[in-house]
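As structure tokens, one chain now follows by itself in the form predicted on its own.
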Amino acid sequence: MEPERQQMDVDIVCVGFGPAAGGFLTTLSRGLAAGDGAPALESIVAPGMPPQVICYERSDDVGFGVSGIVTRARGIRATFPDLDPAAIPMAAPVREEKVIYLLDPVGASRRSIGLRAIDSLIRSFRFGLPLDHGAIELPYTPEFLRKHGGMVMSIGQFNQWVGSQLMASGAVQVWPGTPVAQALIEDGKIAGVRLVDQGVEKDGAPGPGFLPGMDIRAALTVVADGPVGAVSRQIDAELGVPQGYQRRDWAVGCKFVIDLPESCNLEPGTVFHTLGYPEPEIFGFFYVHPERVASAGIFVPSWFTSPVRTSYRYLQHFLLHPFFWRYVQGGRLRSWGAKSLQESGRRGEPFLAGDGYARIGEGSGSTNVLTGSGVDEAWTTGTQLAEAVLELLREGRSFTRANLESTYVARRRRSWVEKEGRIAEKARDGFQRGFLTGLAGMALSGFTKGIFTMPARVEEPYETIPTPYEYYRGRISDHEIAKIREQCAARCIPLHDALMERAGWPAIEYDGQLLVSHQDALLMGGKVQAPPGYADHVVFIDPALCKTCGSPVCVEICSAEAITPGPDGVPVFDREKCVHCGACLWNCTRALPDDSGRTNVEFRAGAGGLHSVEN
């Protein structure tokens, strides 16, 4: 029996607070008041008042977004023409930008014959390039990758800076710590959202303090819940997706925020883009913020076919590369974090608008997969929607699909976000055929403005993952792998450390400051909080499928080891450790038998997560 729910009526409700919602709410709030401060527009639900606008964010604070970024900031600067980066903590203008190819210093990286030949040639001849601590600085940074004139930032600090201005304006309300469970879909129209139930057991059953989630009814629902948002996935499932839509390219980004040692002489605004190590498929970044602080991280993509891929362990090897270790040795971990990145870009664009709703940000397919840029694009889609909403409000037109398409979608189609997104649409397809082919495909797309691309069939992530026996064939015997699996299962720990070390990766020598265990990182930097009274947000739909899984990548990739092997073959989820990165959703290797493309992991709306405004 459906419980009785309280109801609140507003004009506009927004799901998720990130750069896209920040751009939307900032632009919208400026248009809601006249020059003298009086309301410029009137609310439908509260006559005589300005429009009632409310934004709900899952995280416990608007500053808990996870990402260190470098961005050209074109859309952000258009909103804030006089922006001084010094006004935002940890922001700095880009001063120096380099692309670094990292050679393998330990001999354990899985490199193709072609790449090994290239490495040998580099070590032997160098082609006029200086070999610097086992790395080569490329003589040219492609134009499509350059962030000249942009900024390095912390998304957490940027979101907090934007949020403080919004709250001070009084024009909109932002409610952190309030996850949205689902959209209210009525006859193909979205009529608002429902907040998650509280006072429930982990399985969702009502507990002693049960409080049904409130229904927030609105004329317009703005969906900005990112790449793994529950509301976005519900809309796709119930209202459909465009022809040709596909979301098969993903990555998990994992990063450290580091207090650099006094010996480090890197200037704020220094940007390193890396490739080649710890595995060829893993790209990295290193951004220097003011006050001797750096963000260092890697992207572990869906086309990296290791069944024991682990972002945290690979990040430590990345930092231990001689090129970076000279800068960070003696430094201290300030915070850390991880998030999923939807890297299908324009090809992963859903319906941007429908009756009663519009979608913005990364979940709307705005990320540029050629330039590796998403924050400024997300912000810009938010401003475009706000301009459209203000136009419709002033003209007294309703938020129908036709009206939103003629205003919001039309603006987006005319913008640089659309133009550059189309250029980048197939830029990474070549990685389905190998690392070198992927680099060639990116160059081909970038230099020809997307006219020519590297053709390849983009597979679902679960279609590409081999078993550990297949992946390590010729390096580790089946018998030894079986023994390692048995030992790790008995201890309820992932396989990656044991198999990587057996394959030649050196053990991480913890120093207690920067190099710490995965679990110590949960305590030292970026603490996790999971308030009681909420249901588990990671659910294994069919336990029988889990028991047949030979490659539980959901366990290996879990950013905080919140998913561990279970005694009966079904993984165990610990909400007290989950950072809400969503990597388990796309790293599940068991597809449901209904041909929906969904995997056996369901990632629902949930509270808590990582607590760090520096990420």
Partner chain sequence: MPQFQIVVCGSIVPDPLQTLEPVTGPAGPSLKNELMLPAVLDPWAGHALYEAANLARNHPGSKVYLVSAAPKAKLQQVMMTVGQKAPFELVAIDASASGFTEAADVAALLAGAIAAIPGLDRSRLLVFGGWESASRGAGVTMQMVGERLGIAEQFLAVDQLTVGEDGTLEVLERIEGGSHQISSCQGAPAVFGWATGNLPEPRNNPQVGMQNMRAIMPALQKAKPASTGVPSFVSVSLPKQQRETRVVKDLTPDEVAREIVAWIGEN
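All figures in this text were calculated on a predicted structure; none of them were measured in a lab. Numbering follows the first chain given and starts at 1.
Absent from the display: the form predicted together with its partner chain. The rest refers to it.
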> Can you say which of 547-555, 576-584, 562-570, 51-59 gets within 4.5 Å of its partner chain in the model of the complex, counting heavy atoms only?
Replying inline: 51-59
> Though only this chain appears here, would residue 131 touch its partner chain in the model of the complex if you measure heavy atom gaps against 4.5 Å?
Replying inline: no
> Might residue 510 be said to contact its partner chain in the model of the complex, defining contact as any heavy atom within 4.5 Å?
Replying inline: yes
> Even though its partner chain is not shown here, does residue 164 get within 4.5 Å of it in the model of the complex, heavy atoms only?
Replying inline: yes
>> Is residue 408 part of the interface with its partner chain in the model of the complex - any heavy atom within 4.5 Å?
In response: no
>> On the criterion of a non-hydrogen atom at 4.5 angstroms or closer, are 6, 177 and 614 all touching its partner chain in the model of the complex?
In response: yes
>> Can you work out which of 529, 234, 400, 437 has a heavy atom no more than 4.5 Å from its partner chain in the model of the complex?
In response: 529
> So which of 137, 387, 104, 259 reaches within 4.5 angstroms of its partner chain in the model of the complex, heavy atom to heavy atom?
Replying inline: 259
